[in-house]
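Shown next as structure tokens: one chain only, the form predicted on its own.
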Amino acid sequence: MEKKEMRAVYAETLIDLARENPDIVVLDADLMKANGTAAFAKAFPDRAVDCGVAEANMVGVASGLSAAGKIPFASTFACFASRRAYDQFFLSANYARLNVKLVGTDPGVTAKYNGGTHMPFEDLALMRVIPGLTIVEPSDPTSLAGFVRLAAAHRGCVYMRMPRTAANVLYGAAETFAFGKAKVLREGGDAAIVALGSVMVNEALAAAEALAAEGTHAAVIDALSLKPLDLDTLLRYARSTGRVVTCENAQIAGGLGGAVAEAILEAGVAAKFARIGIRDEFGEVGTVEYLIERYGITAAHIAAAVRSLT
């Protein structure tokens, strides 16, 4: 399967947008090389700001630029974008009704060797309670480019999770995306696997393959957008299959699993339900392969969860 580096696609898309729109500006917190935004700084040196190791200040600067009419994209590791800069993003950007696009890189287990201190499992839960905030997690390079363009055109704050390294290309170049709209990657009438982000979507597809070999046909839904959530698609598959498993590279409390469970219960849908995700633990050092096994979020764990809903 073709792969592309996510940070390279992020930078390339921003460069294309900047050629079209002089208001696009990019900020980073001493991670321009790591996050790929050094390419943007080379192309547009007067529209790139390296704020240094000062993430809260970066969000404050981005908010000021937004108030002045610019469209700022600010990126840093997701642990810092969420935990360290949360108050500034909440108040200076969101409460002020501004237009800041905050990109959290290396979400969940993709932080790998940076270890527990840099492994954000809690960012989705934190961001989900900010009123009016749009939250997305592209699953491949094509959806990443699509959501960067959507974020630039959207009036309001956006939080986007983004792995930095290469990811499988799941969508064709002509595919279109929208906030609040999921994509069905695989049809199936026996269960619905709802996944968020590149790690979990690929594991969900592998789980569906394994289940199909046993005669269980599971739909795989790429959630893409956590807030707003695609309630129409999710509830339709919950009703038609009667079995739903959510999969996220994050704490199951307050993230995708919580959002889908709330939606199913509030809609009165009689579906059996299970969550795959991090269960009240801190991160640790390791490869992605080790960590997904360590935290029980592999394709095998997803397939087992589907089988358990009998």
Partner chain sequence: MTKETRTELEAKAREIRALTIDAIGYLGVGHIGGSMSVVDVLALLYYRHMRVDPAEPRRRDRDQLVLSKGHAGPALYATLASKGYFPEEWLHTLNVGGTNLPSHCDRNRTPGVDMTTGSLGQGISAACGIALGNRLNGISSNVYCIIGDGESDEGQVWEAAMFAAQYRLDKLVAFTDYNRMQIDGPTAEIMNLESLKAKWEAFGWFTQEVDGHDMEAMDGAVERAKANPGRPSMIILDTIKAKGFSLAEGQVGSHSMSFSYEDAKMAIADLKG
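Residue numbers count along the first chain shown, from 1. If you're wondering where the values come from, they're calculated on a predicted model, not measured in any experiment.
Beyond what is shown, the protein has a form predicted in complex with the partner chain; the following relates to that form.
Asker: Please check if Ile130 has a heavy atom lying within 4.5 Å of any heavy atom of the partner chain in the predicted bound form.
Answerer: Ile130: no contact with the partner chain in the predicted bound form.
Asker: Any of the heavy atoms of Gly268 lying within 4.5 Å of the partner chain in the predicted bound form?
Answerer: No, no contact at 4.5 Å.
Asker: Decide whether Arg47 counts as a contact residue for the partner chain in the predicted bound form under a heavy atom distance cut-off of 4.5 Å.
Answerer: Yes, Arg47 sits close enough to the partner chain in the predicted bound form that at least one of its heavy atoms falls within 4.5 Å.
Asker: With a cut-off of 4.5 Å between heavy atoms, is Glu214 one of the residues that contacts the partner chain in the predicted bound form?
Answerer: No, Glu214 sits far enough from the partner chain in the predicted bound form that none of its heavy atoms falls within 4.5 Å.
Asker: Pick from Ala263, Ala54, Ala41, Val285: which residue has any heavy atom within 4.5 angstroms of the partner chain in the predicted bound form?
Answerer: Of the candidates Ala263, Ala54, Ala41, Val285, Ala54 is the one lying within 4.5 Å of the partner chain in the predicted bound form.
Asker: So which of Thr233, Ser92, Ser225, Ser82 gets a non-hydrogen atom within 4.5 Å of the partner chain in the predicted bound form?
Answerer: Comparing distances to the partner chain in the predicted bound form, the residue within 4.5 Å is Ser92.
Asker: I need the one stretch from 268 to 276, 56 to 64, 246 to 254, 33 to 41 whose residues put non-hydrogen atoms within 4.5 angstroms of the partner chain in the predicted bound form.
Answerer: Selected range: 56 to 64.
Asker: For the stretch 84 to 103, return the residues whose heavy atoms include at least one within 4.5 Å of the partner chain in the predicted bound form, in the order they occur.
Answerer: Contacting residues: Asp87, Gln88, Leu91, Ser92, Tyr95, Ala96, Arg97, Leu98.
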